[in-house]
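Here you get one chain, nothing else, as structure tokens; it is the form predicted alone.
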Amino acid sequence: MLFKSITIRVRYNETDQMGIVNNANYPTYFEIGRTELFRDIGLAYCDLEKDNILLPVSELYVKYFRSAFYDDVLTVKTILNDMPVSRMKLEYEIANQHGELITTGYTQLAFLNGETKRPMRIPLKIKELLMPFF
């Protein structure tokens, strides 16, 4: 298993008139968590794209438990439970500064060849970086 936790402070522009985070922002929080997890193991998106490896989101699920508010400090935990084969499923948990669970969810990413835009199995480069965690 591989996981990473990061913190994000809710910005004013992410909220509605009542100071509540708009639900459309949570997938962005997931993306930030995912990007930082990848970066930690040496998988910067810009390097993957240079190698013609694309990782588009093919599935997104979000479950809301409570609201987050302007200026809250959120902890985004990103979890990769299984070694990917042709798709990568990442799970997310978001909690506020009081430890209360706000949101959970997951994204499914597909491995695509950047030149052909066709699905492919996990590239060796990514598999080698993930092996120590499984």
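Because the structure is a prediction, the values reported are computed rather than measured. Note that the rigid core is defined as the largest set of C-alphas that superpose within 1.5 Å between two forms. One rule holds for the numbers: they count along the sequence shown, beginning at 1.
FYI, the form predicted together with another copy of the chain isn't displayed, but the following is about it.
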| Might K63 be said to contact another copy of the chain in the predicted bound form, defining contact as any heavy atom within 4.5 Å? | yes
| query | Does P27 reach another copy of the chain in the predicted bound form, with heavy atoms at most 4.5 Å apart? | reply | yes
| Taking 4.5 angstroms as the cut-off for heavy atoms, does V57 touch another copy of the chain in the predicted bound form? | yes
| said: Check K89 for me: does it contact another copy of the chain in the predicted bound form (non-hydrogen atoms, 4.5 angstroms)? | reply: no
| request: Select from the listed residues D51, E100, E36, D82 the one whose heavy atoms reach within 4.5 Å of another copy of the chain in the predicted bound form. | output: E36
| Heavy atom within 4.5 Å of another copy of the chain in the predicted bound form - the one residue of R118, R121, K125, R11 that qualifies | R11
| message | Checking a candidate spot here: are T15, N23 and Y70 all in contact with another copy of the chain in the predicted bound form (at least one heavy atom each within 4.5 Å)? | response | yes
| query | Once the two forms are fit on the core, has L124 moved its CA by at least 2 Å between this form and the one not shown? | reply | no
| Taking the rigid core as the reference frame, is the Cα of G19 displaced by 2 Å or more between this form and the one not shown? | yes
